[in-house]
Ligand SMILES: Cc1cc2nc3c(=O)[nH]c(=O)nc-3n(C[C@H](O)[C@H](O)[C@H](O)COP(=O)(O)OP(=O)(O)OC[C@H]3O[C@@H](n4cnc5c(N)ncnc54)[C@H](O)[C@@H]3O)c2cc1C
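Take a look at this single chain, the form predicted on its own, given in structure tokens.
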Amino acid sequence: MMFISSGIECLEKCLETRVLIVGGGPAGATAGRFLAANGVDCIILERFPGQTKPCGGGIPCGAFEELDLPENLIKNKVSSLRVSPPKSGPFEIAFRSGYIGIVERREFDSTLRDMAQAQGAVVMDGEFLRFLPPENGRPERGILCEANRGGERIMVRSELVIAADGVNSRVRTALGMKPMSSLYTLGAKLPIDATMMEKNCCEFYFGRFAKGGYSWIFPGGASVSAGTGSTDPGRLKPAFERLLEEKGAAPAAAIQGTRGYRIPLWEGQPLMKDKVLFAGDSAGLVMPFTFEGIYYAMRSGQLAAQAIAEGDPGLYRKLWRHRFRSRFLLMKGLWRAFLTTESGTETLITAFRDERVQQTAIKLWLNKTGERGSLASFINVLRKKVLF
């Protein structure tokens, strides 16, 4: 672990906990909730409690039961997708059962922190600054972190740290880890009456407005989340403007609240380093191809908490790999094989016009509890169309 060796003597206030969780979004708040529910002392340190992350806010219906989430957080239930390949016309995929729940991220994240606090987790506004050297050179006495809490510098001593502080993770930087590769996005909230779309339909555009990128329209309760993503940030603005033009919305320059954000690209980043466990975006746990992040952030926080509660933090890697690695590898393979070229994107996305491909994909997406059988079924039907 990398330490900065100055300043410890001037920090008089020291908090102690078994686990320090840096970041109170879906990953950190979920980790805190399950740790506290299992009797593990933890502090959640959240830097931006009032921030709204630029995000479509889509969560598959199965996650609400799986993670015991209150359904009153859902602003809209989406029951179909409209998909546009780069060249051919759009097509619609109707869900035979289930839905995508659209949430408002500020309210959703705040509620998750409240749920953690109700279980006994300590939720604190503040920011992680750095790791400090072990007291008297004795690392067995715990990890020391310096934090800023309302302008006051404090020290936190813990046995373990869960880094859930996003794609720009300060914990990763403090450990000397390299920045993650990213997909760059530009998005905004639009008034519903400014878009020509159905309230219960999400829209995806692959390679149509940004070469090698994708765009989305997610209808919420009072507004619509619209955005574009690309590995080339220079393509974002013109691509986003073309999306808005097609939807009959105002130009990007006239829309207040247009924001850019980075989405980590999963490349098998480590889930642990020393006594630090990584969850959510700080571990790169965003699904390739679909770029679904909220569900996997929450599940990674839950699995990290489970491993710690069982007394074996290293178990976290095994739990995650057993549950999700095969799916991530498949989607990463599809991304590399097809979505990096226009012709490949057209081939793959067009395959979803087939009813069997559609329904196995939707089953895999919406209800993740039976993943092994669903994943095998999806691979079997898809390979008949594009893989062989």
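Residue numbers run from 1 along the displayed sequence. No experiment lies behind these values; they were computed from the predicted model shown.
Below, we turn to the form predicted in complex with the ligand, even though it does not appear here.
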Using a 4.5 Å heavy atom cut-off, which residue among Lys87, Lys275, Arg170, Arg106 comes into contact with the ligand in the model of the complex? Arg170
Of Gly207, Gly142, Pro313, Gly166, which residue is found within 4.5 angstroms of the ligand in the model of the complex when only non-hydrogen atoms are counted? Gly166
Stretch in contact, per heavy atom within 4.5 angstroms of the ligand in the model of the complex, of 260-268, 87-95, 174-182, 114-122: 260-268
Hey, in the model of the complex, does Val22 get a heavy atom within 4.5 angstroms of the ligand? yes
With a cut-off of 4.5 Å between heavy atoms, is Glu203 one of the residues that contacts the ligand in the model of the complex? no
Heavy atom to heavy atom, is Glu127 within 4.5 Å of the ligand in the model of the complex? yes
Phe218 near the ligand in the model of the complex, any heavy atom under 4.5 Å? yes
